[in-house]
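Here you get one chain, nothing else, as structure tokens; it is the form predicted on its own.
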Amino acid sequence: MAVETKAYSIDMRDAFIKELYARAKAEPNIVFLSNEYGAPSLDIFRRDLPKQFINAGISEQNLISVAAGLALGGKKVYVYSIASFITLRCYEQLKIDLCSMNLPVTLIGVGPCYAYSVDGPTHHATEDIAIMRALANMQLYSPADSNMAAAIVDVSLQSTTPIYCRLDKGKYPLLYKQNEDLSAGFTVLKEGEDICIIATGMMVHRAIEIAEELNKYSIKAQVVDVYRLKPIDTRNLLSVVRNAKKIITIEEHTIHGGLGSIISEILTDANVFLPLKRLAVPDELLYTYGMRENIHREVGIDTDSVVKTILEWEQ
């Protein structure tokens, strides 16, 4: 089980690109595609490895087709863009150009969910899990800290199928050690026998906060981080959660098709009948502008709202 530390990570995006940059210096077959410059870590990649960096401009559909061509030519390709653009804007190209031919292209979606909170629905990627897991052959990773984000580089270099890696913006406490083994696809971060809280991405940190608050009410909460959303090790995940009295999923994603839906499907298919409550973004586009924490309170996935919901559920 991973152990939370008090040290803070660097930005997940920078951790991933930094690790990929180190590999690319030794492996000229690695090619990085972007539709913007966007980050100092990208500036270093472009400056030092100009033959391995392509800025295609604001043309996400074309970007995916170019990536497919490079992959067919034997290159190990990485595509970088804002999460809402690299998923929704070029969905047909993802399906036909990458998934139908099962090409090992890694998609780096930066800023999922409400990471770009003040930019409104155009930049809110609250559907990405649902639509990306529907694509055949697509793997889906959602790390909770920068050490895990960096570790996914090694996974992607060995992969023979497309990968979508959703990387949050900002710095979060480190939950994992460097070079973490990601083969399980999930980690039990905290033990507890009263309720099992399942989360992914930055909401894992929220789940830990909630568990700490629930402890004040003598409720022992287990916290599970599902960082590989597809494929899921269903058998081992079931062995962990099936002993829980109740299960709650919390996610910064639409209620339809996200983590809560995944867990519901797993339980149903296995005939495991446990009380399950899914806390997620309502089925609507959000036009409330402001900081991310304000939006979380608006949709009821902040710590206080979730704790209140669980306490009422426990009664």
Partner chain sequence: MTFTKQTSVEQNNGAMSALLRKSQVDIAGLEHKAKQIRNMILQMCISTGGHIVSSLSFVDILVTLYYGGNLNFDANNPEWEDRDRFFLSKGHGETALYAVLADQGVFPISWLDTRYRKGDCRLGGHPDKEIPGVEITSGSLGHGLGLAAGISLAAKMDNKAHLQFVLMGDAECTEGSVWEAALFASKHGLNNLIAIVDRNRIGSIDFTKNFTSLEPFCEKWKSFGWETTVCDGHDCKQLHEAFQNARSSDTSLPLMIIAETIKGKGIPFMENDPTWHVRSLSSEEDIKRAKEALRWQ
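Just so you know, these numbers come straight off a predicted model, no measurement behind them. Numbering follows the first chain given and starts at 1.
Another form, the form predicted together with the partner chain, is not on view; read the next lines as being about it.
For residue 97, a non-hydrogen atom is located within 4.5 Å of the partner chain in the predicted complex, even though that partner is not displayed.
In the predicted complex, at least one heavy atom of residue 68 sits within 4.5 Å of a heavy atom of the partner chain.
Contact between residue 31 and the partner chain in the predicted complex is found at the 4.5 Å heavy atom cutoff.
Though the partner is left out of this view, residue 134 does not reach within 4.5 Å of the partner chain in the predicted complex, counting heavy atoms only. Contact here is defined as any heavy atom lying within 4.5 Å of the partner chain in the predicted complex, and by that definition each of 72, 75 and 92 is a contact residue.
Checking 88, 155, 184, 101 against the partner chain in the predicted complex, a heavy atom within 4.5 Å turns up for just one residue: 101. Interface residue among 56, 276, 42, 279 relative to the partner chain in the predicted complex, by the heavy atom within 4.5 Å criterion: 56. Residue heavy atoms within 4.5 Å of the partner chain in the predicted complex occur in exactly one stretch of 60 to 68, 279 to 287, 264 to 272, 251 to 259, and that stretch is 60 to 68.
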